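One chain comes next, on its own, written out as structure tokens in the form predicted on its own.
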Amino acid sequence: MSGEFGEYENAEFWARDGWLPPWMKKIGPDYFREMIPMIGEHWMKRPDWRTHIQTDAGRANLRGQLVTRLSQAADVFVPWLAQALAMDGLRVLEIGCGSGSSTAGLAHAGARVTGVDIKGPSLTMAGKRLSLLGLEARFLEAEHTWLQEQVDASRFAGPYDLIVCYAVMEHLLIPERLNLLALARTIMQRDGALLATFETPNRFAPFDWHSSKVAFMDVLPDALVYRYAKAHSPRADHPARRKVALHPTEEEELYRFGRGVSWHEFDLGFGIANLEIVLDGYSPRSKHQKNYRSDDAYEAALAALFAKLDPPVPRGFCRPSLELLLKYVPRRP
């Protein structure tokens, strides 16, 4: 018997014209019945969400949080990692776990995940999601300002085999990015952990597939991006086009919405010569990404330029998304 949300409570409905891995097609109605109102109230944050999810746009938004992001994590990210790592029993620190879609994908593969995010609705959703799926993970709450200063790595005792930053770095201010990478470097040195970034838009991509949907936006200065997006971004929800500001400055509006990342942050965080690329976006499993299209000629030209730098920058930093599994190998001066 269907409940309040009718066919939305059936995995077959979401699989019919969307993306669902085989194991998710067996998910019972309780997952959908309980996650849908959580998504409506905590993520959509609009009083008319019940009506909204009946529209094409609302249903698409619901699908993303309900099944698509989890499907991508389980069907793309985890198999990509599994090319280099045994997932069962893998000790993972996931920084910026959000509402738990990637956490669930990792946990389903057998990883022992500690998810970290700022206090609020996302962690509530993450805990509920894992519980409804019959999966286990540990969640740690952080203050909203926790990355604004250097973080004491002893807060994350571990040991860990892998640090995951899935679709998170692009939403951080530059000092926060550098503090995150400093924390990762300390844990990598301490535990021998690897660092994985995934679905992280590249500042040097020819098209901003993540935020503005406009060509070459991420290489522009913030003030110009804000004004150009206001005039040309097709996204009505872009900060430059919204009627209500969510953050105190234009700069923070842009970064919280998403600004590209490049090898420069990693060079400051580790020294680019100290990073060994275990996997990158050219690894076979990464080719299944659905969020963006690559430009082989552009990437080849960029790689040729990067190779001439001193030290050379690995070609993985040429992809539209920085999908990187990194090992820290400090070089002697």
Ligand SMILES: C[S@@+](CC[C@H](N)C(=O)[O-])C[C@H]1O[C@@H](n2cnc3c(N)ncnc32)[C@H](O)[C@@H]1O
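What you are looking at is a predicted structure, and each value in this text was computed from that prediction instead of being measured. Note that residue numbering begins at 1 and tracks the sequence as displayed.
One more form of this protein exists, namely the form predicted together with the ligand; it is left out here, but the text below deals with it.
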Exactly one of L183, L130, L147, M87 comes within 4.5 Å of the ligand in the model of the complex through a heavy atom, and that residue is L147
Which residue, F204, W80, Y160, Y166, is the contact with the ligand in the model of the complex, using a 4.5 Å heavy atom cutoff?
Y166
R155 near the ligand in the model of the complex, any heavy atom under 4.5 Å?
no
In the model of the complex, is there a heavy atom of the ligand that lies within 4.5 Å of any heavy atom of R235, even though the partner is absent here?
no
Give a yes or no for K119: in the model of the complex, does one of its heavy atoms lie within 4.5 Å of a heavy atom belonging to the ligand?
yes
Is there a heavy atom of H108 no more than 4.5 Å from a heavy atom of the ligand in the model of the complex?
no
Interface segment, criterion being heavy atoms within 4.5 Å of the ligand in the model of the complex, picked from 212-220, 98-106, 187-195, 259-267
98-106
